[in-house]
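Just the one chain here, laid out as structure tokens, in the form predicted on its own.
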């Protein structure tokens, strides 16, 4: 009996300790979870006032430990509306569009604050915004222009390297188009609304979405992001040259530089367009219906002659490369070794690519200087293909003779064996 009582007491003591431990654990968890009365209410609201805990948890600010009160003020730990949204707690309530840049900048322009959260993040975004067309218009009282939340979202702001972010490279064009493709919104500014539609047909959009090249140009590459400024005709070439360096250098040394300037034409977009830039081809050069040169040059003028001459040189090298490629392919299908010639042909194609860049100099002699080594190399590649086919034919001829000789030997042996067998049969009879 005593033994049973002692076991019962021990069991009771164990359950008590387990209950106490569970209580301390739950208390610790409850203490670690900061109360947020803002989300408790706004998670059940709809439209612009609705913010769920799941949505806010995805926000970079929430992940860094900031709360609703960090932007809106107030005391999110209180259930009493008079306290939670009281003036003593610094409650700001609804933040107007005009106030948003300065509110965001109160942290993002403070190096001491940003050092605690992300030391690598730049702190000049607000000063850049003030120099932008958006910022300048906002300063005049135009609240329809883009502010921080229009591009970055509001309560679910994600870092730019997050594919779900509105400013992730793949998403930037669509983000900008939310305003710039809205005809009603752009009517007052007299801005075209076809930029995004044109961009989707461009070589830049293809590189971004098809090839997955996140460094391909988007809206902000050319127009800037926080310091968004529409480039004028005089600055377009400077914008393009940040990527297309060699083309810009050749253009600067070309007769087009001064001719375009005197005519008030922008350098690059005159031939290549702006938002709807197509993949450049040799067909753009020359004076036929598909070319861009014929838009300005007429038959007989120096530019007309130069355009046709450059087109002919490019076509000559392209044809030589195709001829070499065909004969090498034929040799490969025959089982011949032409790997070195194939490698040389790749380098010959590089020569053609270089010549296609050099056309921006509009200098026939300079283009021909690039074309000539390519023609020599292409002829060498073609001869390598011919030699490979000759070797193939020689081997086939030798193999044919060898097969004939083997067949004759086999035939002779069979005849000899038959003769021996007939001799043995005659001796037996």
Partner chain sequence: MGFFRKLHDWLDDRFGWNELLAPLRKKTVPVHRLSHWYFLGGITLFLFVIQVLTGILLLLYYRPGANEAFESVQYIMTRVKFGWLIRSIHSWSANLMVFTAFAHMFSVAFLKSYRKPRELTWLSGMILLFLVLGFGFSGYLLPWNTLAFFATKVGTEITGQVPIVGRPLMIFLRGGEEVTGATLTRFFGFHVAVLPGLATLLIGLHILLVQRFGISVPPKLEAEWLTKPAALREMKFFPNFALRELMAWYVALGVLGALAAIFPWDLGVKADPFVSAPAGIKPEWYFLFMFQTLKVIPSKVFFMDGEVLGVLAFGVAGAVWLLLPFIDTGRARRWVNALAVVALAYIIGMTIYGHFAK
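Numbering follows the first chain given and starts at 1. Since we're looking at a predicted model, the values are computed, not measured.
Note that the form predicted in complex with the partner chain isn't included here; everything after this is about it.
Visitor: Scan 339, 120, 140, 298 and let me know which has any heavy atom within 4.5 Å of the partner chain in the model of the complex.
Guide: Flagged contact: 339.
Visitor: Partner absent here, but in the model of the complex, which of 386-394, 66-74, 366-374, 45-53 has residues with a heavy atom within 4.5 Å of the partner chain?
Guide: In the other structure, the partner sits against 386-394.
Visitor: Quick one: is residue 335 in contact with the partner chain in the model of the complex, heavy atoms, 4.5 Å cut-off?
Guide: Residue 335: contacts the partner chain in the model of the complex.
Visitor: Is residue 403 one of the residues lying within 4.5 Å of the partner chain in the model of the complex, judged by heavy atom distances?
Guide: Yes, contact at 4.5 Å.
Visitor: If you check in the model of the complex, is residue 41 within 4.5 Å of the partner chain, heavy atoms only?
Guide: Residue 41: no, not in contact with the partner chain in the model of the complex.
Visitor: Check each residue of 395-418 against the partner chain in the model of the complex and list those with a heavy atom within 4.5 Å, in sequence order.
Guide: Residues within 4.5 Å: 395, 396, 399, 403, 406, 409, 410, 413, 414, 416, 417.
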